[in-house]
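Here you get one chain, nothing else, as structure tokens; it is the form predicted on its own.
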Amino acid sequence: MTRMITIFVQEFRLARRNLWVLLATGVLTLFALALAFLGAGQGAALKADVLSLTAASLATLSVYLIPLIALLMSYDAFSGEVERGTLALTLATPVRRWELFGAKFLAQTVAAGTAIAISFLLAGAAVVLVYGAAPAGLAAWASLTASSIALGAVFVAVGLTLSAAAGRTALAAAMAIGIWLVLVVLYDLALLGGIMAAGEGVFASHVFPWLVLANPADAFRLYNLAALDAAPVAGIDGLARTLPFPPYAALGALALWLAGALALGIHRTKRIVL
């Protein structure tokens, strides 16, 4: 445990200096503020809580930003050290490889979670100061923040796994961008194409919702939108209104993804050849 804490402290110091952390904080804060104040007029027209509306909009936007930020923060955690030769020095100590992976995961997750929490706290505080907030809006914002950190943790684990598997920074970067495109962009396009081709029927009512739940990004979005009636949504987002399973099943999907990514990442770390 002492070895793991030592590595965690070192990795967190490195992550804290990472420009991606500063960029993530700034980008998320700006987007959250933009969504809040641009959507304020719609909130007034609908007589809805602005903070709830912003949470609904930010849940959809976070699906794209948070996985990308987490992957960019973690893709070179192992491959970069392999290329610099520092991983061999680390593994020459009594540290176990699973401890190394666990410490890196915790450090990267805390760094990404700090960026998310600061961004959402600043944006949420600005909205509350200007427009006020109902208890439901505050609860939705807190739920969005917590689930966003969980989504970031999943993709940090995925990024570390890719880094351990690739062994080279360029390959790890290409794999990270590829997995982001598949899970965040192409997966939804394929599902939408499938449901348009199949129309109403068994696929739409019984298969499609579970395929959406199987994707960590979509599971995050469904969980947050299922509890919000602040704004009308359509497409995959609109599925949140007619879920055939409880919204908390989406949290279970995130937990399964995290457990699977951690297990695979530890396995790949043990197989790194220096």
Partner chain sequence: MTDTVLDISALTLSFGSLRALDDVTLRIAAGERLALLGHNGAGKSTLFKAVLGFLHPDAGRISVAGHAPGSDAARVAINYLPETVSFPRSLTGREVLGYFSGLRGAPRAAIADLLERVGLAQAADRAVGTYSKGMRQRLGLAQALIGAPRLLLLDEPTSGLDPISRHDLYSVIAEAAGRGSAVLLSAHGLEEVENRTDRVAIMFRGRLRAEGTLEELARRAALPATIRVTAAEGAADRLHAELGGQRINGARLEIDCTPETKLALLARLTAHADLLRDIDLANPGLAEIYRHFSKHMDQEDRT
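The shown structure was predicted, so the numbers you read here are calculated from the model rather than taken from an experiment. Residue numbers count along the first chain shown, from 1.
The form predicted together with the partner chain exists for this protein as well; it is not shown, and the discussion that follows is about that form.
Out of the listed residues 129, 202, 92, 196, 92 is the one that sits within 4.5 Å of the partner chain in the predicted bound form by at least one heavy atom.
Looking at residue 25, you'd find every heavy atom of it more than 4.5 angstroms from the partner chain in the predicted bound form.
None of the heavy atoms of residue 263 is located within 4.5 Å of the partner chain in the predicted bound form. The closest heavy atom approach of residue 168 to the partner chain in the predicted bound form falls outside 4.5 Å. Proximity of residue 270 to the partner chain in the predicted bound form: non-hydrogen atoms within 4.5 Å are absent; the residue sits far from the partner.
Highlighted residues 125, 145 and 148: none comes within 4.5 Å of the partner chain in the predicted bound form, counting any heavy atom. Note on the interface: of 156 to 164, 77 to 85, 185 to 193, 171 to 179, the segment with non-hydrogen atoms within 4.5 angstroms of the partner chain in the predicted bound form is 77 to 85.
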